[in-house]
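To begin, one chain is listed below as structure tokens, in the form predicted alone.
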């Protein structure tokens, strides 16, 4: 009787062979899952290596060479970078790029935020859908088509913009022929094309704000501009960071609009860093020098983005 009780109360001992088989089966399942995950990731990893990492490393190596396709590459060390920092056109190109970035991103963020506030307050779902679609449609257009169309609109003599400004008694403005106006015209063209993307980002951020916080603020007397500055903007700060970072990275690579509308003119008044890169590499066949410009531009973009994230610790609030 005692032996039966001891037999019933003692834990069942598993065969060592069965334990080994169970562990081996579990490891096999984990290996299969890991292999399946790698297979799903393989296209992305291969594309990243072939089309991003590979060209970046190739451009880095090429920046230390002199090569024009017709002759074998010649190693020249830092000569391309010495030429770059002594070239006044490179300084002008980067200066124009920074001016365009400041103008364009400032207008983009302010106008997109205000439009998102207005559309979010619309009670009619039909009107809200119409405005979302209307503002986003230009994003789907190619940069070339937008630049050609807006280039005609900004034309001094027969452009529709100067035509309507004439009704206000304003003389014809040489938008694309004056160094004082050309960057403004290029900036406004870029704003029109990219406004919808930033608008959708802000609209999504505003729509996801906690309604209980907004209602509590209204009960406490926060209305109008006070509500926007004290409640909405702090809650929306992560969205603002994302929008500004993506817009600045995009605008630091200005190319389509100034290249098609002005070819960098008049003179070098609208020539950007990417245009210099393109002209050096594909116009003059100086691929080493073009790669050096690309590397400097990459470092600038990386530094500006890092600076934004460092400074964001002071004004971005995560809830």
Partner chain sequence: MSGKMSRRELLKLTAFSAAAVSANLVPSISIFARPASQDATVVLRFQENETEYAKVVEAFKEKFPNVNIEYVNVTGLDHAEVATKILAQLAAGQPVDIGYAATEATQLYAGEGLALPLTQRVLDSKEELAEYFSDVSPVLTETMMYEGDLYQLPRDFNAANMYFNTALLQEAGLEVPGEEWTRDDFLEYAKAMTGIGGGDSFGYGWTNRLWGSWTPWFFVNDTNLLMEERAPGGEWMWETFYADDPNAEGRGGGWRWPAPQANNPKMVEALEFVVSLTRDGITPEAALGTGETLQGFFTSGKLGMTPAGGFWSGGLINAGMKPGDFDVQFWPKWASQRHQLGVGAAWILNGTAYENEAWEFVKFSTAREIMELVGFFGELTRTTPVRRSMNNEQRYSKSGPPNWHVFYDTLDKRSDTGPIPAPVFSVELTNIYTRYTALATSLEQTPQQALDGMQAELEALYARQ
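Positions refer to the first chain, counted from 1. Every value quoted in this text rests on a predicted model; they were computed, and no experiment measured them.
Not pictured, yet referred to below: the form predicted together with its partner chain.
Proximity to its partner chain in the model of the complex, defined as a heavy atom within 4.5 Å, singles out one entry of 106, 237, 179, 244, which is 179.
For residue 225, no non-hydrogen atom is located within 4.5 Å of its partner chain in the model of the complex, even though that partner is not displayed. Taking the partner from elsewhere, residue 125 is found to have every heavy atom lying beyond 4.5 Å of its partner chain in the model of the complex. Contact between residue 83 and its partner chain in the model of the complex is found at the 4.5 Å heavy atom cutoff. Contact annotation: residue 212 falls outside 4.5 Å of its partner chain in the model of the complex, judged by heavy atom distances. Heavy atoms closer than or equal to 4.5 Å to its partner chain in the model of the complex belong, across 241 to 268, to the residues 259, 262, 263, 266, 267, 268, ordered by sequence position.
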